[in-house]
Each structure stands twice: as structure tokens, then as C-alpha cells.
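The chain below stands alone, shown as C-alpha cells; this is the form predicted on its own.
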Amino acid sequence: MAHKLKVALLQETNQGSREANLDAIEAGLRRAAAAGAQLVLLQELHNGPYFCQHEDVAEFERAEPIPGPSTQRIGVLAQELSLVVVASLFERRAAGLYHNTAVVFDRSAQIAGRYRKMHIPDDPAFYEKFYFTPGDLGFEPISTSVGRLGVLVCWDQWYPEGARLMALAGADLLLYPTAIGWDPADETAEKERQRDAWVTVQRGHAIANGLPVLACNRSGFEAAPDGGRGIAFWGSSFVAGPQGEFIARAGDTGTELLLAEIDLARSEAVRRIWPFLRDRRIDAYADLTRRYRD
């Protein structure tokens, strides 16, 4: 595994249809490959709108099997362009059984691995529990030619446990495909607090585990299908190093191909001066498996 890794995050807005979104992804992957990227991270549920703003059984028609049409198209591109690609799809596993699933391709049309989102929110405009069964594949890094990828998805980003378990299983990078944004009715100060919290908690995962973090978020306003206020997705995709330092940051609006170079050797150097894994008190953490200490 090379120490220097050139990565790309494809921050996109919804283009109106699955085919249009996949066309935009194809164009982005080609630009990334032309720029020398080896690894490309796509945003959460990139094939369409963020449909979880309401609960409607008709939305299940968006789901597809894995392998399926989208994995076939993205896999062919990963092979043609010699890219490691992290995609994010609405998986139909069986009738009535669906997941929010990240899929990894390793310079091949074949799937190298997948991760099913473990933490599922149920909040106003983010009604994911209606659609997604919690993941059952655990927190297992996916081995690729550029390293072991600790892939998590969106709401997982608020939980230090997931990042830690990926690190303990040998992840070289933490990657978060994401769909998060503002309620347009919120005041500006509240919006800034929310985005700052989102950035800060993920930089904290980088620091606590001595690993680079890649977070790719969607951007643009998406109206609510039920006439609600909609969501203004805040973009702001970023790459952070193992001390939480920003390596690259995208804007908060519009599409952007964010490129960055990561020095994977820095994780070893940082963990030597900040040996958090050495000093963990694993003998005293049993209560972490409890919901709450009453």
C-alpha cells in the first residue's frame, strides 16, 4: 500500500432522476480519474432525492438489489478508470427488507465489500426508520488496493463507537457518505451550530483514532414531497488528517469535485506520539454495552 493517496469526494445536487444522477456520477468519476485520484467517495443515496423527508410506501420502488443495475454501471466505471469507488444505495434485500448500504469497488466491476448503515435516525424530515432495517454486517473494514476502508454512513458519524470499532478492526481510513442539511426555518446561528457540530464530531473521530476522515455530503435544496419545509443540504464535504487537521474543504452550495492527497504514513507517526489505543482502559468499559445507567 502506497503512503500517499490521492482521493476525490464527489459533492452533488440531485439531478432529478436516477439516470441523470448516474450520468453526473460518471462524469465526476471521469474527472477524478483524469486528476489522478485513486479513491472516490460518493454521497449518501446518490441515485435520487433524499426521499426520507416523508413516509410513503411508494418510495420503496427506488430500492434495488445489490448486485443490481447501479452496481453494474458503477463497477464498470471503477474497472475502466482503475478507481476504488465507495457508492451508497437503497438496497432491496427481500420484500419488506431494505437497507441503506455502502458498496465498495476495488478497480473492478466486482463488489469488494459492503456496509449496511447501523444507526438509523427517526427525526422530523429524516424518517429513515420507516425505510431502513439497521445493518447486520457489523463494523468491519473493507480491504482494497489503497488500504482497509472503514466505511460508515451519515447518522453513524455521530457515534464514536462505530469509528472506534472500525479503527480497532484495522481501518486505515474512515469514510462517511452523508445527506445532512438545514431546516430552512432555523435561524442562521442555529444552522451554523449544527454544521459546526457535524464537522467537529468527525474531526474528533480522526483525532481519537489517529486516522484520516473523509466526509462527502450532498448539497442543494430539496423540497419536501408532502409540502413541508424541505431540506437545504449544506455540502461542506471535507477531508481531515489524523490530528483532525483540514486537508481539503468543499463549499456549502453547488456541485464540487474535492481533491486531496493523504499521507497514510502520518497515522503511524501520530499514534506514536498520541497512543490512545495503548492507554484505553478496556477493563473498565463494560457499561458501554448498557443503554443508560439508571
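In case it trips you up, residue 1 is the first one in the sequence shown, and so on. Note that the structure is predicted; figures quoted are calculated from it, not measured.
What follows is about the form predicted in complex with a further copy of the same chain, which we do not show.
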Counting only non-hydrogen atoms, choose the one of 101-109, 72-80, 157-165, 86-94 that falls within 4.5 Å of a further copy of the same chain in the predicted complex. 157-165
Site check Ala24, Ala27 and His54: each within 4.5 Å of a further copy of the same chain in the predicted complex by heavy atom: no
Looking at the partner-bound form in the predicted complex, is Ile142 within 4.5 Å of a further copy of the same chain by any heavy atom? no
Check Ala197 for me: does it contact a further copy of the same chain in the predicted complex (non-hydrogen atoms, 4.5 angstroms)? yes
Against a further copy of the same chain in the predicted complex, would Glu190 count as a contact residue? Criterion: heavy atoms within 4.5 Å. yes
Can you tell me whether Glu61 touches a further copy of the same chain? I mean in the predicted complex, with a 4.5 angstroms heavy atom cut-off. no
Heavy atom within 4.5 Å of a further copy of the same chain in the predicted complex: which residues of 115-149 meet that condition, in order? Met118, His119, Ile120, Pro121, Asp122, Asp123, Lys129, Pro134, Gly135, Phe139, Glu140
